[in-house]
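Take a look at this single chain in C-alpha cells; it is the form predicted on its own.
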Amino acid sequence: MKLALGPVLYYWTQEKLQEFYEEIAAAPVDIVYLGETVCSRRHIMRLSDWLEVAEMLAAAGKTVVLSTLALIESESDLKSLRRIAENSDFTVEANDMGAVHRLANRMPFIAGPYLNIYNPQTLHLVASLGARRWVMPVEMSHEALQPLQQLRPEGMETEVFSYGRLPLAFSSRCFTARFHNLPKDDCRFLCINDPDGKTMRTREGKPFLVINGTQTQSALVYNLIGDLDSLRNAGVDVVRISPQSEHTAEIIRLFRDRLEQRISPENAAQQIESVMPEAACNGYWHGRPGMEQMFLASAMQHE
C-alpha cells in the first residue's frame, strides 16, 4: 500500500506551511495533496505558491495532487477551480461534482472523499468521466467497502482516510466567525489562531466536535494504524494521513513502519498516542458509531 498525506484542512501562516512541506519532502510518504479545500477566503497561499511547493515536493520524489474546494459558492471560486483544472503538470483531486465535470474526459483525476461515492454504480460513473482513484467516504465501514471493491472498474485505485480528525460536514456559514460574534464576510481570519481547529465540549467537558471555519470535524482522532492489515486485506491501495500542526512527520514514519511491518500493531498504536491531539477512535471502519474505539486490528476478527 502507498501512503498519502492529505491537504492541510486548517489555516496556517505561509511560513508555517513552507516549513511544514520542507519537512514533508524528507518524510517517507508517497503522495502529497496540496491546496485549500475548506474555505475560499483563506488566501495566504495562492495557486502560484502551491505550485512552487508542488514542484519542490515533486523534485523530492513525491507524487503531488492539487485538491479543490469541497464547497463552491461564488464566481471567484469557479475561477480558482478552472485554474487548478487547467494546470498541465499535476493531477487534481475533485471534491465536488463541478470539479468532476470540469475535469471530465480532459485528464485523469482523483475522486475526493466529499463526492459521496457509496455504491458501484456511482464509482463506475466517476470512472467513466476519468477518475483513476477514489477516496472512500470517511463514515463507510470495511463491510460496506467490499461490494465496491469487488465491482470497481479496472485500473481504479481505492484510498481510505486513515488518520486525523474526521471531516464531517461543510456549511456556507462560518462557525469560527460565529463563535467570535463576527459575520462571515468580516471574519478577520481568526481561524488562523486555531492551528488544529477549535474544540467544542459537552456539558460534562468531554470533547465532542471541532469547528474549523465552515467545516465541522470530529474532536476524536480517527486512527487506523492498528487496522492496516485489514485495509490491506480489503484491497485498499492508498492510506491517507490528514496533517496536524505538530508531529505529522513522526506520524508518517509510524505508519510507514507499520506498513513495512517493522513494528507490531500494538507497538504502533502505543507510540502514536503520545503525538495525537486527542484520544483515538476507529468505529466507522468497524461498522460501529464513529466515536467508538475498537482495540487493534485483531478486534475485527471477533466482531
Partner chain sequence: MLPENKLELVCPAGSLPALKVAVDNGADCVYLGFRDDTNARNFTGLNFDAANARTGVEYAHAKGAKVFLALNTYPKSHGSERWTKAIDQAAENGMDAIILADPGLMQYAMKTHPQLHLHLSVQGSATNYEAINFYHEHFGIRRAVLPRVLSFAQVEELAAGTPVELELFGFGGLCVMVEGRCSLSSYVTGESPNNCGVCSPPKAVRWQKTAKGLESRLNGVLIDRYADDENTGYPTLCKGRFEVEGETYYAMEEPTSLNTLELLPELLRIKVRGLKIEGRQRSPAYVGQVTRVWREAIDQCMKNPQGFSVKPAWTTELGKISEGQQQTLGAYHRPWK
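Note that this is a predicted model, so its numbers are computed, not measured. Numbering follows the first chain given and starts at 1.
The same protein has a further form, the form predicted in complex with its partner chain, not shown here; the description that follows concerns it.
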property	result
In the predicted bound form, the one of Asn87, Ser230, Thr122, Thr158 near its partner chain [non-hydrogen atom within 4.5 angstroms]	Thr122
Contacting member of Leu209, Val92, Ile225, Met136, with respect to its partner chain in the predicted bound form [4.5 Å, heavy atom]	Leu209
is_contact(Glu204, its partner chain) in the predicted bound form, heavy atom dist at most 4.5 Å	yes
Proximity of Asp185 to its partner chain in the predicted bound form, heavy atoms at 4.5 Å	yes
Contact flag, Tyr163 vs its partner chain in the predicted bound form, heavy atom cut 4.5 Å	no
Its partner chain contact at Pro147 in the predicted bound form, heavy atom, 4.5 Å	yes
Its partner chain in the predicted bound form reached by all of Met56, Val65 and Arg83, non-hydrogen atom within 4.5 Å	no
Residues from 74-100 in contact with its partner chain (non-hydrogen atom within 4.5 Å) in the predicted bound form	Ser74, Glu75, Leu78, Arg82, Asn95, Asp96, Met97, Gly98, Val100
